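Next up: just one chain, as structure tokens, the form predicted on its own.
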Amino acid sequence: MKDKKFKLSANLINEYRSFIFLALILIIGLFVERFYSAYNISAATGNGTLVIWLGLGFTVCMIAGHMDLTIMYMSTLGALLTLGLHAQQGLPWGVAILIATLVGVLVGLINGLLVTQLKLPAFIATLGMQFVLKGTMYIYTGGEELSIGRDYDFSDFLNSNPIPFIPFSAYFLIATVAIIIVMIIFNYTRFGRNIYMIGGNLETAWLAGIKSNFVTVMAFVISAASCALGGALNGIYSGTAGITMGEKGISPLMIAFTATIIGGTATTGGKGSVVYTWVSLIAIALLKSIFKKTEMQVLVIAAILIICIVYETLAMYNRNKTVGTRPNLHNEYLKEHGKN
């Protein structure tokens, strides 16, 4: 019996493109001074952790066949609420974080109901919610930046490296645990499989008896809650939060969207992985530590995004040519060219 030989195919490269992207960044880092220092890795991954929470929420919704454009504003509101409730109202960190996360659950519930009950396109519903959230933030803060106050204990913990000899902050490790939990839910529970099914084919999901409206609402709830929680922790990690948090340089929303696409999540839904998005976001965080200038960061990230989109477009075209709306189209092509 002959041993199977490893074959490097275009499909294999495409499937693991997020890991290839990360590997390229790590190779380039060999030629960058102090790239592999503990301080640089800890700072790069720590500063990029907020977008991991956003990527988590965005990926969950996109797998379900929708886009949640509120992720950046939801995280900012979560940060402002947490800092305000603790520094101004004197609530413990745990209570402030819980309230901020529950507000995220409420926003996600409203988004889900707008999509499932009022039949609004998710793009329109969440775009409108952006303005609601931003207006709420202005009312709550008066347009001013909020600070952590005098209690730095929890902030110091999030900035620390709790595992010896591993240069990852506690904030980054908490986000990684959240990614693992969602991965387990998606891969090993009925609810996770249902999200993939409604995103891949809503009619088939309905025929299978899946409560698609409930699953869709829950996808938006998970998205908003994860962003609110991530924003709350980011506010404590950074020590301050403002309404324009994250709007300088590359928008966190665009980074989350880019990483989701690079990670292989289909814009049409039904395919994707929060782990692959996580890998892509780590690669982007390390890339930003290599290229200090924003224009170079935008250029490299945009180039990779374009390559992924072009490949997906060509792959979809070839797939539709074979099993598209005209199932016999491929056979007709072969017959015309004498290959049948």
Partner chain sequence: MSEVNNKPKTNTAKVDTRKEEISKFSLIFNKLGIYVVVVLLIIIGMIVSKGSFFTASNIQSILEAVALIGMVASGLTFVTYSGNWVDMAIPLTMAAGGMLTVQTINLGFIPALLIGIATGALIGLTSGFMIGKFRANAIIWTWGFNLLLSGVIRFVWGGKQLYADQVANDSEYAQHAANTFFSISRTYIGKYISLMAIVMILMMVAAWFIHTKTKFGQELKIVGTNYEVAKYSGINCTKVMIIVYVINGITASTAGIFFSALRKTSSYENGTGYDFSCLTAVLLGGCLMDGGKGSVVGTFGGVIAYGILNNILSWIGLGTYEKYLVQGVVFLFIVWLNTYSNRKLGKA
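Here the structure is a predicted model, which is why all the values come from computation and not from measurement. Positions refer to the first chain, counted from 1.
What comes next is about the form predicted in complex with the partner chain, which does not appear here.
field: Of 114, 221, 83, 72, the one that lies within 4.5 Å of the partner chain in the predicted complex (heavy atoms)
entry: Contact with the partner chain in the predicted complex is made by 114 alone.
- prompt: Should residue 92 be counted as a contact of the partner chain in the predicted complex, where contact means heavy atoms within 4.5 Å?
  reply: Close contact is absent here: in the predicted complex, residue 92 is far from the partner chain, nothing within 4.5 Å, heavy atoms only.
task: Would you check, heavy atoms only and a 4.5 Å threshold, whether residue 138 touches the partner chain in the predicted complex?
output: It does: once the partner chain is placed as it appears in the predicted complex, residue 138 has a heavy atom within 4.5 Å of it.
- request: Decide whether residue 257 counts as a contact residue for the partner chain in the predicted complex under a heavy atom distance cut-off of 4.5 Å.
  value: Residue-level check for residue 257: yes, a contact with the partner chain.
message: Does any part of residue 27 reach within 4.5 Å of the partner chain in the predicted complex? Heavy atoms only, please.
response: Flag for residue 27 set to no.
query: Hey, of 63-71, 45-53, 32-40, 279-287, which bit sits against the partner chain in the predicted complex at 4.5 Å between non-hydrogen atoms?
result: Heavy-atom contact with the partner occurs in 63-71.
query: Quick check: do 123, 134 and 294 each get a heavy atom within 4.5 Å of the partner chain in the predicted complex?
result: Yes, each of 123, 134 and 294 comes within 4.5 Å of the partner chain in the predicted complex.
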